[in-house]
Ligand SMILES: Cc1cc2nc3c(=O)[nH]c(=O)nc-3n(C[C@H](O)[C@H](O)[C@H](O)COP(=O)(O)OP(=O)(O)OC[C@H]3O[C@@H](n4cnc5c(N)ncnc54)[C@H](O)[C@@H]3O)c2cc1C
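What follows is a single chain, given as structure tokens, in the form predicted on its own.
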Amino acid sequence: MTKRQNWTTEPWADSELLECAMVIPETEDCATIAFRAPSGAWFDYQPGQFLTFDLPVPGGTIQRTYTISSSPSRPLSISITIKAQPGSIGTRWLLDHLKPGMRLRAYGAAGQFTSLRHPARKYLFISAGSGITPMMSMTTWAWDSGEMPDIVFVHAARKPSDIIFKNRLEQFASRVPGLQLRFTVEQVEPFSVWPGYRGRLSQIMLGLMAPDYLEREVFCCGPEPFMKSVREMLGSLGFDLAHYHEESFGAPALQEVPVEPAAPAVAAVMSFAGSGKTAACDGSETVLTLAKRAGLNIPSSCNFGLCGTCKVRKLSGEVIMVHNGGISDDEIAADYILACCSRPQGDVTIDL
């Protein structure tokens, strides 16, 4: 007889390691990894959010962030869908070494990229490559809610066999009128019929795929050049970019900023309330760097203020924080900061 999981009524907390339950091949060098909580806890998050993992690669543990591809409407497990890129270390280790039964430390869920924060009657999801993962999470949530909204789902891939979740999305779309799939590929595979669009996504193509795009809430995820192209495309078509939302874990392009004369270095103290440790600071180093010097670990991933993994609460003092969207205005008002891009200005204490 198969042993059943003893599920609890408690939500999962990141103090508990996640256990790999299944590794499901998707496309070439791409797989979905399903995790469960050994305690039987269930998962509560928003569709489109992400997790950060400690990965024990050769040479030492590294942290990597992955979007959740499952939906919180199915709370007994949680999944990420990963695709190895040239030179990848963490993703390559997961694909080559992670097996059912192995456990990993994960942090989260976190992130602002979710349709639940922007309810609308009509959506336009635009993705490329592995950027399809948060769109799959949000679409599954809509399907499971029983009130499927009007979603035009646009996805760009190199070739048809690279389209992640193609069969599952087609199954959804074949059963509800509210989900319209629009796939485009750069090349067609030999000896196969491709009835979809062909070529890079363009203004003309977008107009054919979603003629009423001006009326839709747009979510976009993919490589930075792809998203930049979509932003420019929508902007030139008169779209109100206040209704445009994007997600990327690539470093943003560097921008020229005015440089003010540096103030004289001021000797100050960075204090960590929970551990009682301190570190001397002069305003030139980040809270994350100072924590590491004090022997403390703040989970982090992108290190440029985008992913939000290193969010901590400031108890006193002032910092200069230059972020790239990894923290909300409400969180800043509640005295949260991103450790990777916050520099103390005088004595500062954080809750760590």
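In this text, the rigid core denotes the largest set of C-alpha atoms whose superposition between the two forms falls within 1.5 Å. Just so you know, these numbers come straight off a predicted model, no measurement behind them. Just count from 1 along the sequence shown to find any residue number.
Although it is not shown, the form predicted in complex with the named molecule is what the next lines describe.
Chemist: With a 4.5 Å heavy atom cut-off, would you call residue 66 a contact of the named molecule in the predicted complex?
Modeler: Residue 66: contacts the named molecule in the predicted complex.
Chemist: Though only this chain appears here, would residue 89 touch the named molecule in the predicted complex if you measure heavy atom gaps against 4.5 Å?
Modeler: The answer is yes: residue 89 has a heavy atom within 4.5 Å of the named molecule.
Chemist: Although the named molecule is absent from this view, report whether residue 166 comes within 4.5 Å of it in the predicted complex, heavy atoms only.
Modeler: Residue-level check for residue 166: no, no contact with the named molecule.
Chemist: Taking heavy atoms only, is residue 130 within 4.5 angstroms of the named molecule in the predicted complex?
Modeler: Yes, residue 130 lies within 4.5 Å of the named molecule in the predicted complex.
Chemist: Just to confirm, with a 4.5 Å cut-off on non-hydrogen atoms, which of 156, 82, 281, 151 contacts the named molecule in the predicted complex?
Modeler: Here the answer is residue option 82.
Chemist: Which of 34-42, 289-297, 312-320, 66-74 has heavy atoms within 4.5 Å of the named molecule in the predicted complex?
Modeler: Contact-bearing stretch, as computed: 66-74.
Chemist: Using a 4.5 Å heavy atom cutoff, which residues in 282-306 contact the named molecule in the predicted complex? It's fine if the answer is none.
Modeler: Residues within 4.5 Å: 302, 304, 306.
Chemist: Aligning on the rigid core, do we see the C-alpha of residue 309 shift 2 angstroms or more between this form and the one not shown?
Modeler: Yes, the C-alpha position differs by at least 2 Å between this form and the one not shown.
Chemist: Align on the rigid core first; then say whether the Cα of residue 300 has moved by at least 2 Å between this form and the one not shown.
Modeler: Where the cores coincide, residue 300 still shows a C-alpha shift between this form and the one not shown that is 2 Å or more.
Chemist: Superposing on the rigid core, is the Cα displacement of residue 38 between this form and the one not shown 2 Å or more?
Modeler: Result for residue 38: no, shift under 2 Å.
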